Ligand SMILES: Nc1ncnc2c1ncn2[C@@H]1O[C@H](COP(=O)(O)OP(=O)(O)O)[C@@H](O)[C@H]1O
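There is one chain below, alone, in structure tokens, taken in the form predicted alone.
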């Protein structure tokens, strides 16, 4: 029996929930030849939405599409490795002609590509040590994208990572290659809003005013719960409306976490009974217990001011006015200045996230499971 709530890999179209309006808007921006800045809280479904957009007829029939996640990268060398590997891997099934053109363009790495001696299929053998001049290879990659036989779309997820690279002026370097391009559009995506907004909204930064900006919100409750109940029914199981609603409300519609709790409930609850409210709460407890060691390790890495600030925000669930006298007093924190510094660090480390409400910022723990674990244990 197929679990309808995917928590790894790319979600099959049959199990993709809604995002009809967002899909239409993104397709329209692409058709009108604009780059996109796509932001959301972590695990709100950015990656799945990008792949869903790629599958739309107006996109898949016209463009070559690429996707790379820069989250694990720490240098320009690694970025170049990830970009070249993604292009190479995507082109393999497109035929020898497409692959040959790419290889002829990436002259600085040509000697590092190979073929499997058994199957004869192309293999990606490039290692970090093979990238001797990352700026040159990067220039060649963009040259390929500009000269490719079809228009291209390149989604670069967790784009804010480039701000942490040790190499200087990476933003300016990328902008100098991207600005004159006509054959490739870019989707810059990420979850660290305060860094990305600085990169794209500050007049002093290279990417200022270079994209259409799109923030991904949660799926409306009635749409998501209706989807969840239908998919469970299609699988020959059942869930009460109250349980489906609770799964949504616990995480305020944050896609990954709602999906995860329903995935585990579907997997572990007796298939002969309807999943009810108690089952959802028990499943949450099990998920938190399974993450005990990981969450303890996260907390142990924080200094005292960071830890007490994170705990205070977790207890609030959604925290406003975190540097106000009332908030500092309520949670017995050191001072407004110490909270301000701690919040800045926790945002950079992606332990906190925020939403804008007018001129106010509403802070919450980025990992919803961690937030519940802190409330349970502190």
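Small disclaimer: the values here were computed from a predicted structure and weren't measured. Residue numbers count along the first chain shown, from 1.
A second form of this protein, the form predicted in complex with the named molecule, is not displayed here; the remarks below concern that form.
Residues of just one listed stretch (251-259, 121-129, 292-300, 70-78) have heavy atoms within 4.5 Å of the named molecule in the predicted complex: 251-259. Heavy atoms of residue 47 reach within 4.5 Å of the named molecule in the predicted complex, making it an interface residue. Using a 4.5 angstroms limit between non-hydrogen atoms, residue 42 touches the named molecule in the predicted complex.
Put simply, residue 366 is far from the named molecule in the predicted complex: not one heavy atom of it is within 4.5 Å. Residue 361 falls outside the set of residues with a heavy atom inside 4.5 Å of the named molecule in the predicted complex. For the options 199, 155, 109, 219, the one in contact with the named molecule in the predicted complex, meaning a heavy atom within 4.5 Å, is 219. Counting a residue when any of its non-hydrogen atoms is within 4.5 Å of the named molecule in the predicted complex, the hits in 12-41 run 15, 16, 17, 19, 40, 41.
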